[in-house]
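Shown next as structure tokens: one chain only, the form predicted on its own.
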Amino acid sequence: MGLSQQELDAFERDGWVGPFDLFEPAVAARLLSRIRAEVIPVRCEIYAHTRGELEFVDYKRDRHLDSPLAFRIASAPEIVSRASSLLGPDVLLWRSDAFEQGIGDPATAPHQDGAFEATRRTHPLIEAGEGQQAVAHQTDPFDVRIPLSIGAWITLTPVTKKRGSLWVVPGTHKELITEVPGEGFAGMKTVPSRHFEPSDGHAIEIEAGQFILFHNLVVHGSYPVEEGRRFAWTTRYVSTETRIHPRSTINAQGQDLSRWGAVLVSGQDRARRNVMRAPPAISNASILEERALAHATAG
């Protein structure tokens, strides 16, 4: 189920690949209904003891660590096997986020994810491990042959330009674009030094239940929502050799990381370079019948 050679070539050329099918649209709609009702309204167990700068992340970030339902989505073989084609056999799931936008919400400004320094702009959240091939924003001269992180953008609603689809600028993953002061993404006070517009990129219009994979350096943003609402779950994967939160005790929003841990989703953790955590226990039931929260009773 990994990527074909044609898909690997497309990813190397463009910095993203897809879409791929994960759920039937009707299943995606039912999953979204459950997530909205049962997962997001409950404060995440991982960060419930701490307050960060952005309140929303308490509820939407890293729900794969306390929700069997979210973990089933994030660890789906359809995603992980393809991520393994890019990262190697040993893969960690280190982060997940939910993004919902409706009419009147601002479009996502174009940006590279880089090393996920995010709002605090202090230490990189992820760094190349010893012995790992060089990656663009860790060494000079730049080498982008191995992504530092692979993201899966999973839609649970139909996504079109009018419904706030992503747009990406193919090929921009081959360089680290310097940043300058400005109002950027997620509260960041920096923007790319080169100006990007949606017309510079490729709009990714996909059906509910599909996903794409993208390189952490590919420039991407979103269109404003003109109709309906769109909901996407973004999950992030790295090689086990990559160091995650290597010099930080808080995440980018200032939340305590003492309960956080990476989850092995493919292969073995031979490198042993990161804090690890067992995922929430999942059942043999269909994903539509999976528990929403780890501490909830079955049924």
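Bear in mind that the values here come from a model prediction, so they are computed numbers and not experimental data. All residue numbers refer to positions in the sequence shown, first residue = 1.
Keep in mind that the form predicted in complex with a small molecule is missing from the display, and what follows is about it.
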Practice prompt. Please determine, with the chain shown alone, which of 96-104, 174-182, 69-77, 82-90 has non-hydrogen atoms within 4.5 Å of the small molecule in the model of the complex.
Written response: 96-104
Discussion item. Within 4.5 Å, heavy atoms only: does Leu156 come near the small molecule in the model of the complex?
Written reply: no
Worksheet item: Phe211: heavy atom within 4.5 Å of the small molecule in the model of the complex?
Response: no
Fill in: Contact test in the model of the complex: Ser222 vs the small molecule, heavy atoms, 4.5 Å
yes
Discussion item. Just checking whether His64 would be counted as a contact of the small molecule in the model of the complex - the rule being heavy atoms within 4.5 angstroms.
Written reply: no
Practice prompt. May I ask you to choose, among His202, His111, Lys162, Arg194, the residue with a heavy atom within 4.5 Å of the small molecule in the model of the complex?
Written response: His111
Worksheet item: Looking at Ser266, Thr234, Ser248, Thr50, which is the one with a non-hydrogen atom within 4.5 Å of the small molecule in the model of the complex?
Response: Thr234
